[in-house]
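Read the single chain below, which is given as structure tokens and is the form predicted alone.
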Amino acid sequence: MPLLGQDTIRPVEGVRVGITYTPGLRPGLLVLGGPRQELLDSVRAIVERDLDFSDRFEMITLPGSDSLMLALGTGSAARGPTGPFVNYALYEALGADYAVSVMDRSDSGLAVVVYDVKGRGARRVVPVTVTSVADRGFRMVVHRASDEVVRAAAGTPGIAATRLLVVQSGRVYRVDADGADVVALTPAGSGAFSATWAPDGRRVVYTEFTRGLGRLVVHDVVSGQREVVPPTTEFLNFAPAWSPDGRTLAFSRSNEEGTQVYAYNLAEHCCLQRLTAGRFSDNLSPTFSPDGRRIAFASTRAGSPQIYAMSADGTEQELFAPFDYGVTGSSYAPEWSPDGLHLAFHRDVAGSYQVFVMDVASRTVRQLTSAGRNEDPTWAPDGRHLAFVSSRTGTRQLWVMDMDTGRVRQLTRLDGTRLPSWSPRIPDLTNH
């Protein structure tokens, strides 16, 4: 079964500004072959892609049917816990620190087994509770198993069991973190934009633009239930952001006097509060810090849009991201990293937007991209992957950068993709 998206993984010129990577420091990982069967092949292909996209391993690939033969083991192989012989010596000779096998345990379903090659033993057996590729939630079950494989080998879980929101032609779509399973969440003609995930991984909020007005819609992606917040509006409300506890929405509201940042108590359905002031200025794209104490946003108060920050109650407003007047231009779309140590945003450089990241402690800013037009960065929950929209191949698509290695890969093939938002890890909901 071919691996989706593998043809998009290639070096891309001009995208490693400020990133240093020394090859050979990641552990080698070999995904073993096995009996040919639709379910096993599908699970094996998804797991291998997930592990590759985690960017935590040097993936060892072999041509043709060699990986199938490796799964059988011969000679001095040690016996594994589920039956087959495991040829640790051969895997080590191939450069593997870990080997992964997908097995049919017949009596108890499938399992993904993680072998510690140097330790000569199985490190983890991860059950996969699927019986058919047609099972509801099949892909997310496998993605969660992949994340547990990453946890077993690297100490922290992967990001396979996450999704992204993107906007295309006025509709909100969700897409798995490997670029597959694209699903429309809003109907055609809904005029939807500015979509973002709630911290619970179950709800999203987006702007629905109709008759010159923009209302915020909270949408439960499991039940399909929708709620307009605040309940009534005569303005354009857009660019919503959730507080980390999910109780508050910050958003931008526009009228004839400009655009200001507001906060709304979603938990109690009350208490609309204006956080910024200043007539005829625009204050845009709020984003909460992970501890909920600060909000970063873009503002035109001093001229061209730049990145500012304030306390969550609107006090202590200050210029946040330094810039060189006359050298770099307008800055937009800030988003705080999950650990609170960095802030990503895009900035005009010589007439084209590029993605930047700022170290919050030192206020040091570095440029991450330079090929094509790149904008609207959003962090994965692991804090090491950053998705953004790029035109580097001619159309606006979603791309993902690994901050540790500088590897960049294309995620979507939806022409005109805009405004991505990366989810937290999707919870295991039985009816999801």
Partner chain sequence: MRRATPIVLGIVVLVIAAACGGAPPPPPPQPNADSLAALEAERRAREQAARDSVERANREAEERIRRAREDSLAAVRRTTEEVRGMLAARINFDFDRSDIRPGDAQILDQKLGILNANPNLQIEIVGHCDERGSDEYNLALGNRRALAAKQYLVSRGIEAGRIATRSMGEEQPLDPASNESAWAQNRRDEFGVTAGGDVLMRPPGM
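These numbers were taken from a predicted model, which means no experiment stands behind them. Positions refer to the first chain, counted from 1.
Below, we turn to the form predicted in complex with its partner chain, even though it does not appear here.
Q: Okay, which stretch from 92-100, 274-282, 216-224, 136-144 lines its partner chain in the predicted bound form, with non-hydrogen atoms inside 4.5 Å?
A: Heavy atoms within 4.5 Å of its partner chain in the predicted bound form occur in 274-282.
Q: Mind checking whether each of F209, N255 and Y353 has a heavy atom within 4.5 Å of its partner chain in the predicted bound form?
A: Yes, the whole candidate spot contacts its partner chain.
Q: Can you work out whether P305 and its partner chain are in contact in the predicted bound form, taking contact to mean some heavy atom pair no more than 4.5 Å apart?
A: Because a heavy atom of P305 falls inside 4.5 Å of its partner chain in the predicted bound form, the answer is yes.
Q: Can you check whether R409 is within 4.5 Å of its partner chain in the predicted bound form, heavy atom basis?
A: R409: no, not in contact with its partner chain in the predicted bound form.
Q: State yes or no: in the predicted bound form, is some non-hydrogen atom of N265 no more than 4.5 angstroms from a non-hydrogen atom of its partner chain?
A: Residue-level check for N265: no, no contact with its partner chain.
Q: Taking any heavy atom pair closer than or equal to 4.5 Å as contact, tell me whether L414 reaches its partner chain in the predicted bound form.
A: No, L414 stays farther than 4.5 Å from its partner chain in the predicted bound form.
Q: Name the single residue among L319, L185, L236, A154 that comes within 4.5 Å of its partner chain in the predicted bound form, judging by heavy atoms.
A: Comparing distances to its partner chain in the predicted bound form, the residue within 4.5 Å is L236.
Q: Of these, R396, R56, R384, R49, which has a heavy atom no more than 4.5 Å from its partner chain in the predicted bound form?
A: Answer to the contact question: R396.
Q: Within 4.5 Å of its partner chain in the predicted bound form, counting any non-hydrogen atom, which residues from 40-61 show up?
A: Contacts from 40-61: none.
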